[in-house]
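A single chain comes next, written as structure tokens; it is the form predicted alone.
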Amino acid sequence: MAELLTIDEALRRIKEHAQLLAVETVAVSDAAGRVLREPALSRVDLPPFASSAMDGFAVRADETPGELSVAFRVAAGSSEAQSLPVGVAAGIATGAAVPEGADAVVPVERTADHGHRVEIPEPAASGQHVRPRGGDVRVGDVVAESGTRLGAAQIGALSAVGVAEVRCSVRPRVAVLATGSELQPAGELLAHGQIYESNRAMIAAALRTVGADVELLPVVDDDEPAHRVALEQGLAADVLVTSGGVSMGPHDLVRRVAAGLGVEEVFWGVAVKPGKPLSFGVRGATMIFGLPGNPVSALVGALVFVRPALLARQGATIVDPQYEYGRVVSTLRRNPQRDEFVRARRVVRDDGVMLDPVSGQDSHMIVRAAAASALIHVPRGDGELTAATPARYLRLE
């Protein structure tokens, strides 16, 4: 094996080969998780009128304190524009339009409401409890930039400013293929030497969280013609992800067969544990990731390398894995040659996030990983990672 790439160098090469996907128009109500390819602009001032932040009375501030007659009452949603005569107040609901002439709202709990008259014992300040027109955003302002991945807050903001449709990247089409004659579907009886296939559903779950439209291809036996047919089918997608068959054994056929189908291998091998024998190549615009067959190795590869590729193809501004920081419960020794990802439980305490490694860190122990909620990144080098220094981690959710 050639010199192993660092995680950062592998990600750099992956992003260099990530061609942008096409653009389509998407209803805002269906756009959660999608990536904007054009800025989304506000269609209105928000609020579109000066509105009350409280239930109370709209007044002229310089006419308080005192007792004022109540000229009328304004409900939220009332379409009738009204002006406030001098020397009077108007009852007003939260969100209702402040009458022209009023410059303050006095909360109802700071008044004595007598129906047609109201006592206001304390002076009001101009602008008090009034939301000014355009105080949140002005018409034509950018609400969400190109490259934004739309979440609940962005969907709410776009809906609030009258945006009904947005221009987004199409969802990346991802084909997931597992290789290995020993693999059997769940529910079948296992013969000697067989195991249940778990990687396809796991990889699909990891990739759907970044907007992928995933197709699970049938499991392929360790047979070269069968590999050729399956890989050719998978290469019709935007991204093909395989698991198993990328090491150096006699039944590791993926890289050789892929090369025969015109795949240009960009790299093979990353200085990471688990997941070292990861391969990445391209054929035209299609990206192909060969993940190791051990389930935890495949999981790390999907989270650390494949998800960034999918985000890059969609034009997302934030592409690389998003690490958070905590402290380890027990000391972790660093590996001089490779970065390591250690499965751990994430525990939130008053003094911060604590990361408690689970027992059983071998790359085949996927059931042990089910108890984990974080992957601790232990950078390669000498020494140890202790509770005295911050530790980077990725959430497992």
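In case it trips you up, residue 1 is the first one in the sequence shown, and so on. Values in this document were obtained by computation on a predicted structure and should not be read as measured data.
This protein has a second form, the form predicted in complex with a small molecule, left out of what is shown; the following refers to that one.
Contact annotation: Gly315 falls outside 4.5 Å of the small molecule in the model of the complex, judged by heavy atom distances.
Contact check for Gly245: a non-hydrogen atom falls within 4.5 Å of the small molecule in the model of the complex.
Looking at Tyr323, you'd find every heavy atom of it more than 4.5 angstroms from the small molecule in the model of the complex. Proximity of Pro292 to the small molecule in the model of the complex falls within the 4.5 Å heavy atom cutoff. Site annotation in the model of the complex: the residue of Ala81, Ile195, Ala112, Ala259 reaching within 4.5 Å of the small molecule with a heavy atom is Ile195. In summary, among the residues Ala178, Val210, Ala97, Ala175, the only one with a non-hydrogen atom within 4.5 Å of the small molecule in the model of the complex is Ala178. Residue heavy atoms within 4.5 Å of the small molecule in the model of the complex occur in exactly one stretch of 265-273, 139-147, 154-162, 294-302, and that stretch is 294-302. For a residue to qualify, one of its non-hydrogen atoms must sit within 4.5 Å of the small molecule in the model of the complex; all three of Leu183, Asn199 and Asp252 qualify.
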